[in-house]
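First comes one chain, alone, set out as C-alpha cells in the form predicted on its own.
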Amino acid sequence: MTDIIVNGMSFALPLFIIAVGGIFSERSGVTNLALEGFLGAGAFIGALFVVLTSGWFSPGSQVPMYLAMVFAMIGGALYAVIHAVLCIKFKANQVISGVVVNILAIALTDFLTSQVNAGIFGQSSDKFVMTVSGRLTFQPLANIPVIGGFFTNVYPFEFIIIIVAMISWYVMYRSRFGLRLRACGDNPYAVDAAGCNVGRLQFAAVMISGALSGLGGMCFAYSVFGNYSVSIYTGYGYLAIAAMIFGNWKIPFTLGACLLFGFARAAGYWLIQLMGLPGAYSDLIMTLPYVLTLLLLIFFSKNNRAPRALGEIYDKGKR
C-alpha cells in the first residue's frame, strides 16, 4: 500500500498542477487543448538550463532542480503566448490552435534537443539526461499504517505543487482578478460593460496556464522519467484535461480526479510486480488512467457544467 501511495502521489500531483493551469484558461473562456505542448515546451527550457549549467553546482545539489522549475514556468508561459495570440488576438478556432500548438511543441523541442546535444555536447541523443530528485521521509509519521505512505519517499517538488495549488485556489476564488476571470468564462460582455479588458484577462489566464503546465512537466522529468525528452508528452496533457473536466472545472474536485488516476496507475504497476508478469505488461498498465477516464466521463459527464462562454470567440463589437 505504501508503494501505491508514494508512486501515485508522485504522478498525480504534477498532473494536478497541469490541470489547474487548464482551469485558469478555460474558466476565462479560452478552450485549452494545448496543455501538452505547454508542459513540454516549459520542461524543455527547464531541462536546457540544467544541462547548460551542470558544472556550476556541486554534485548532488538540489538547487538546479528548483531553478529548473522557475525556468520551466517562464518557458511554459512564453510558449503559451502563441495560443493566446492565435485565439484572442486573431480569433482563431481554439480547438485547432491547441492541436497545432501541441504538434509544434513536439517537433520543435525534439529538433532543438538533438541539435543542442550534437552541437554542444557532441552526442547523438534526443534527450537531456538529468538526475532524479532526492526524496524525503518524515519520521515518525512514516510509521503510521497506510497514512504513513504520504510521508514516505516524498519528492520535494510535491510540497511546491501543493503550495502553488493553494495560491492558485486563492487567486481563483478569493481575489478580484479571479472573480473577473471566472466572469469572463460565463459572460464576457458583462465584464466588458464593467470596464474590464476581457482580452487582457484571457491573455493572462492562458499564460498562467502555460506556467503551471511547465512546472508540472519539469516535475515529471525529475521523477517519472529522470530525463527530458518528447516522451514526457505521452498523453499527460490530455489526461490533465480529462481530470479538469471530471473535476467540473473546480480545483478541489480536479485534485480528486488526479489522485484517482495516479493511484490507478501505481496500483497497476504493483499488480504486475506482485504477479511476476513480464515488463512488457507495463505498457498495458499505462492505459489504465485513460480507460478509467473513459468510464468516468461516460457515467459522470452529464453532471459537468462547463463555463457558459467556453470556446466562444469574444467580439466586443457584438455587445
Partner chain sequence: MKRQTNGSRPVKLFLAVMGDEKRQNISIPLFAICLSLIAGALLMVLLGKNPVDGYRSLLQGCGMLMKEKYAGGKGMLTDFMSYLDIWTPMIFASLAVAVAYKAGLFNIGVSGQMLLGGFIASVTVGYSDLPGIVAKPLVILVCVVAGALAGSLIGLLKYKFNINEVVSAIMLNYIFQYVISFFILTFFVNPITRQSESVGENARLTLQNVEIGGMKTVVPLGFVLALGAVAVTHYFIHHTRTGFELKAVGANPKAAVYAGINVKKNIMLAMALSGALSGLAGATYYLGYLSSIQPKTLVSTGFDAIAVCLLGNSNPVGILAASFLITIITKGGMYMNSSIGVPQEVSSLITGLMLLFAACGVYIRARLARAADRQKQEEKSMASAEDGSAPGQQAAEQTRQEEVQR
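Positions refer to the first chain, counted from 1. A quick note: this is a predicted structure, and the numbers were derived from the prediction, not measured.
Beyond the structure shown, there is the form predicted in complex with the partner chain, which is absent from this document and is the topic of what follows.
Of the listed positions (86, 129, 142, 165), a single one reaches within 4.5 angstroms of the partner chain by any non-hydrogen atom in the predicted complex, namely 86. Here is the short version: of 286, 52, 63, 271, the single residue with a heavy atom within 4.5 Å of the partner chain in the predicted complex is 286.
With the partner left out here, the partner chain still marks one of 90-98, 194-202, 207-215, 155-163 in the predicted complex; by a 4.5 Å heavy atom cut-off that stretch is 90-98. Using a 4.5 angstroms limit between non-hydrogen atoms, residue 107 touches the partner chain in the predicted complex.
Taking the partner from elsewhere, residue 254 is found to have every heavy atom lying beyond 4.5 Å of the partner chain in the predicted complex. Looking at residue 103, you'd find a heavy atom of it within 4.5 angstroms of the partner chain in the predicted complex. When contacts are judged by a 4.5 Å heavy atom cut-off, residue 234 counts as touching the partner chain in the predicted complex. Site residues 120, 124 and 275 are none of them in contact with the partner chain in the predicted complex, judged by any heavy atom within 4.5 Å.
Scanning 288-312 for heavy atoms within 4.5 Å of the partner chain in the predicted complex gives 290, 291, 293, 294, 297, 298, 301 in sequence order.
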